[in-house]
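Coming up is one lone chain in structure tokens, specifically the form predicted on its own.
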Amino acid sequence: MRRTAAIVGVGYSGFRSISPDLSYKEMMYEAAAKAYEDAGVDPQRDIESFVSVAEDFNEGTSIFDEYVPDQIGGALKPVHTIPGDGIHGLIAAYMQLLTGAMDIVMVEAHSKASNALTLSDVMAYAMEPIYNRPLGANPHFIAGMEMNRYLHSTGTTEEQCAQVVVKNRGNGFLNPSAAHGARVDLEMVLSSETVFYPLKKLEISSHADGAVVMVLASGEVAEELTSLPIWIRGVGWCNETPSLETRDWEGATYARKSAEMAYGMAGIRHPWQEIDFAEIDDTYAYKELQHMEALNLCRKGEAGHLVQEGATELDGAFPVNPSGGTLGVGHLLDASGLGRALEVVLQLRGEAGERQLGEVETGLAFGWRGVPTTSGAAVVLSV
């Protein structure tokens, strides 16, 4: 019989557009302390392994693993760093539990984006080095080109993309932890500056600082620690080609294959019927629509209409990004995916406050590492 695993504790610090009063270590410590209290565990006594999600380039520090153990209580314990999206780290922790070698593992991801003065240069370094990086272009131009192709191939309109911003910023307004929640209307979005045609300024998520920590436990231990474990039913990930010449410009292959793996593991055949809501990457407004279709939450070309009709609102048939997504909460660099999973956990536990959905039992979280990558990861969670 395959081992089971669940999330038994969560904690977070932030999320703020700027945090000059806190170091990343202090944010990590705060989030970890809350998660350990929530799970009822002691890091030195109970937790057997620690996973941190971080990218040396974002941190400005080489071999970032060395700067992790102290503030999360992982000194003299196994600690390793995943340079990917936060859900990649969650999956790594989950797989450690499935080996049977461990019963309690934690995962941490964070962002101190306000410390980085040239994030676009960091992004550019991830571009294919021989043919693409020498172009010297701001990597956001990739999103503009992809958005243009997506609109053309699906018939999605710019108004429908703008509606994503209205919805997610509005949801963020109900989230006390969101850094960029706001009441905006369609006209405000459509009239904002076009920065990477046809991508407008308000359709690009702004960064935020913060940290997210989750404690995972094997099935038997999880039931001993909490009366409401959030079960990990399925996980999936995919890394597509990094080059501009060979990538899929309209279908988000990385999202489709990540979802297929997660759904297969979870035994889900009709995700739009068996999943109650989703938290998915919306780094750019059109990405929410593209990802909805790639994740098989609707048919190709339907996502824009669903958003326009209100189906993805908090009171809609299939809520998407009730937290506000990255457009409302803020883009947490490599912690963004774990931020999506955090909202799924809070919703399933009935702890989402004013944005709490009705009776929900199963949620999907999907994270994308962002431009210029084609790397994604998905997780299906349920009560």
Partner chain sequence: MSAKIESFPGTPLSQADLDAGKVLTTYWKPKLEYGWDAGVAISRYLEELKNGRIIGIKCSRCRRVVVPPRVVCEWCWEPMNDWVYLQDTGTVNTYSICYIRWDASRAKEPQFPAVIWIDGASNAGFLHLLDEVDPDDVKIGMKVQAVWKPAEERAGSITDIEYFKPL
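In this text the structure is predicted, and so the values were computed from the model without any measurement. Residue numbers count along the first chain shown, from 1.
The next section is about a form of this same protein that is not shown, the form predicted in complex with the partner chain.
Undergrad: Work out which of the listed stretches, 354-362, 26-34, 340-348, 313-321, brings a heavy atom within 4.5 angstroms of the partner chain in the model of the complex.
TA: It is 26-34 that comes within 4.5 Å of the partner.
Undergrad: For the partner chain, considered in the model of the complex: do all three of Met188, Pro271 and His291 come within 4.5 Å of it, counting heavy atoms only?
TA: Checking in the model of the complex: none of Met188, Pro271 and His291 is within 4.5 Å of the partner chain.
Undergrad: Using heavy atoms and a 4.5 Å limit, would one call Glu59 a contact residue for the partner chain in the model of the complex?
TA: Taking the distances in the model of the complex, the answer for Glu59 is yes, it comes within 4.5 Å of the partner chain.
Undergrad: Report yes if any heavy atom of Gly267 sits within 4.5 Å of a heavy atom of the partner chain in the model of the complex; otherwise report no.
TA: The answer is no: Gly267 has no heavy atom within 4.5 Å of the partner chain.
Undergrad: Would Glu223 sit within 4.5 Å of the partner chain in the model of the complex, counting heavy atoms only?
TA: Judged by the heavy-atom cut-off of 4.5 Å, Glu223 is well away from the partner chain in the model of the complex.
Undergrad: Look up in the model of the complex whether Tyr197 has a non-hydrogen atom within 4.5 angstroms of the partner chain, and give yes or no.
TA: Because no heavy atom of Tyr197 falls inside 4.5 Å of the partner chain in the model of the complex, the answer is no.
Undergrad: Between Ser192, Ser206, Ser153, Asn115, only one gets a heavy atom within 4.5 angstroms of the partner chain in the model of the complex; which residue is that?
TA: Looking at Ser192, Ser206, Ser153, Asn115 one by one, just Asn115 meets the 4.5 Å heavy-atom criterion.
Undergrad: So the partner chain isn't shown here. In the model of the complex, which residue out of Glu159, Asp121, Glu260, Glu250 has a non-hydrogen atom within 4.5 Å of it?
TA: Going through each option in turn, the one that passes is Asp121.
Undergrad: Enumerate the residues of 133-168 that have a non-hydrogen atom within 4.5 Å of the partner chain in the model of the complex, in sequence order, or give none.
TA: Heavy-atom contacts to the partner chain in the model of the complex: Arg133, Pro134.
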